[in-house]
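For reference, the chain that follows is the form predicted alone, supplied as structure tokens.
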């Protein structure tokens, strides 16, 4: 099953919160600390701290030290893609083990595999969707895409 990890969930939640505070009406430009986010969304503090450090290391947020320190987005919400966030937390995105083969680590089924090419096409479509979707898009409140089930389209099951 394709699934986003808890760490990726927390990263998306934290980035949305930071953006809402940073670009909000109340105190624009205010840094957001880890404890504030953890308490607001009931996220374990230690895990969130690691997630935020990883996001900072990958250039998605900036860390500000000191007693009133915290985090700000490193660029606008329109310039941060969901793919960048997920890759920053999880590493390269892939739906199969063979999607990121390294030299000398070829899949044992490679010669006989009849699903590699179709699955790579699926993976590419998912990546394109995530790479074209921004943090701003996620904050919009309207559906980004509409997916209809086959029965909703009148297709017999």
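This one's a predicted model, so the numbers in the text were calculated from it and none came from an experiment. Positions refer to the first chain, counted from 1.
Not pictured, yet referred to below: the form predicted together with the DNA.
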Exercise for review: May I ask you to choose, among 29, 92, 69, 59, the residue with a heavy atom within 4.5 Å of the DNA in the model of the complex?
Suggested key: 69
Review point. Taking the DNA in the model of the complex as the reference, which of 124, 46, 111, 40 has a non-hydrogen atom within 4.5 Å?
Key: 46
**Study point:** Contact label in the model of the complex: residue 63 to the DNA, heavy atom within 4.5 Å
**Key:** yes
Point to revise | Contact label in the model of the complex: residue 53 to the DNA, heavy atom within 4.5 Å | key: yes
Review point. Would residue 96 show up as a contact with the DNA in the model of the complex if we use heavy atoms at 4.5 Å?
Key: no
Check your understanding: Can residue 33 be called a contact residue for the DNA in the model of the complex at 4.5 Å between heavy atoms?
Key -> yes
